[in-house]
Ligand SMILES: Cc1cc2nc3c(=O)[nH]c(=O)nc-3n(C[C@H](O)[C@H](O)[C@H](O)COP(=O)(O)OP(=O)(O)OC[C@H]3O[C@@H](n4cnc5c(N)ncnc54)[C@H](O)[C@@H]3O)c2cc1C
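As structure tokens, one chain now follows by itself in the form predicted alone.
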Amino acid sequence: MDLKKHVDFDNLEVAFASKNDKTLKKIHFVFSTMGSSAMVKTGTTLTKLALKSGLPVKGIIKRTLFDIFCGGENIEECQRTAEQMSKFNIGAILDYSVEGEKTEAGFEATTAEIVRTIEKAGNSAHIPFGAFKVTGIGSFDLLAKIQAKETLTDEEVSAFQKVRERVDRICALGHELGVKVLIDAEETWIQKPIDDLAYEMMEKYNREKALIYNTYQMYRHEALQELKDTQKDAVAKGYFLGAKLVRGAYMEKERERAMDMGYPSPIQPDKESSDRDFDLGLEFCIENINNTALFCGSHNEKSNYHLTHLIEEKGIARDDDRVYFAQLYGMSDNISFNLANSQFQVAKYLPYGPIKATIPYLIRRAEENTSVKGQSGRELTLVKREMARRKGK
């Protein structure tokens, strides 16, 4: 199979068309730093200490990691970033990335901000999605207790009802404004109540088309069957399935917990198994496109190439909004920009929030990019090649 038949991810002129020389140098510096696990570990520790001590490091963070991986500190700054991406036919997914809230007041404040992202998307042609984590608007411990089928106190029953109401408030607005809403996946020991909420919202709001999407982490060995079972349920109950496919984000934590607590790991035995099920998931969604909308969240070139072939083979229009490709802002521009340039539907996750509050997100990006299977080496190679190409003009 000619992988590059429909799009070429090695076209660096297209990939970096939105970046000037100064920005490329900044990206080069950041990904060079991420290539050293020792530097990332030291930098992460020092950053946490500096912020805790009140030292003025926000400016440094903003000019480096934050500028590359976040869309801004607020929706207004994100709007400018989204408009810039829209010039290259790439949509934005507003993602309020503040974490760690534990109070009802905090959950309500986060919900209000997520509602603002949906409202903004409803008024912006280039912001097709909103996204949220249920743990941003409800207690992690409460979700764990529900999944473990422990008896809830009256106060906990009331608290979960508030979580359901917040989820419904967000999804109802998405339905009203025609905005697609992504419900992110989380750790397996809280995922069941999140799934239940997502399917409840799908059955309620996906009657005409898929607007609410649940997330399937395909590095879970049960995910492919869950996807198939949900599609069958959607057909039986007369709603459209919104399926966001990702490989997954909590592998080390999941395996460690399973080992510590003595239950079988929910994670696939190896990367090849995850890759296999991810691509089978893409094939299943495309085969069932008449009642399924697919959001392919992947930085894997082979899987993205595979989906372009599936779209062409099925005779689906490249601009059909039932099939979206997506990557994180600041990563895999060679995939995003070349797909968009070839008229496929593409969106970037655009995290935002106050610098201090987005530190956990930025630290995850740094740590993931440093890992053996991370992106830093690939990103750095592409940037170096583009810098050399420009010099050779």
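Position 1 is the first residue in the sequence shown; the rest follow in order. Just so it is clear, the structure is predicted and the values come from calculations on it, not from any experiment.
The form predicted in complex with this ligand is left out here; the points below concern that form.
Undergrad: Select from the listed residues Phe107, Phe284, Phe240, Tyr250 the one whose heavy atoms reach within 4.5 Å of this ligand in the predicted complex.
TA: For this set of options, the contacting one is Tyr250.
Undergrad: Among Val246, Leu173, Leu310, Ile75, which has at least one heavy atom within 4.5 Å of this ligand in the predicted complex?
TA: Comparing distances to this ligand in the predicted complex, the residue within 4.5 Å is Val246.
Undergrad: From the candidate stretches 156-164, 143-151, 199-207, 217-225, select the single one in contact with this ligand in the predicted complex, where contact means a heavy atom within 4.5 Å.
TA: That would be 217-225.
Undergrad: Can you confirm whether Asp10, Tyr305 and Asn341, the three residues that make up this candidate site, all sit within 4.5 Å of this ligand in the predicted complex, judged by heavy atoms?
TA: No.
Undergrad: At the 4.5 Å heavy atom threshold, is Ala82 in contact with this ligand in the predicted complex?
TA: Ala82 lies outside the contact set for this ligand.
Undergrad: Is the gap between Gly136 and this ligand in the predicted complex 4.5 Å or less for some heavy atom pair?
TA: Gly136: no contact with this ligand in the predicted complex.
Undergrad: Might Gly297 be said to contact this ligand in the predicted complex, defining contact as any heavy atom within 4.5 Å?
TA: Judged by the heavy-atom cut-off of 4.5 Å, Gly297 is in contact with this ligand in the predicted complex.
Undergrad: With the partner left out of view, is Asp184 within 4.5 angstroms of this ligand in the predicted complex by any non-hydrogen atom?
TA: Heavy-atom contact with this ligand at 4.5 Å: present for Asp184.
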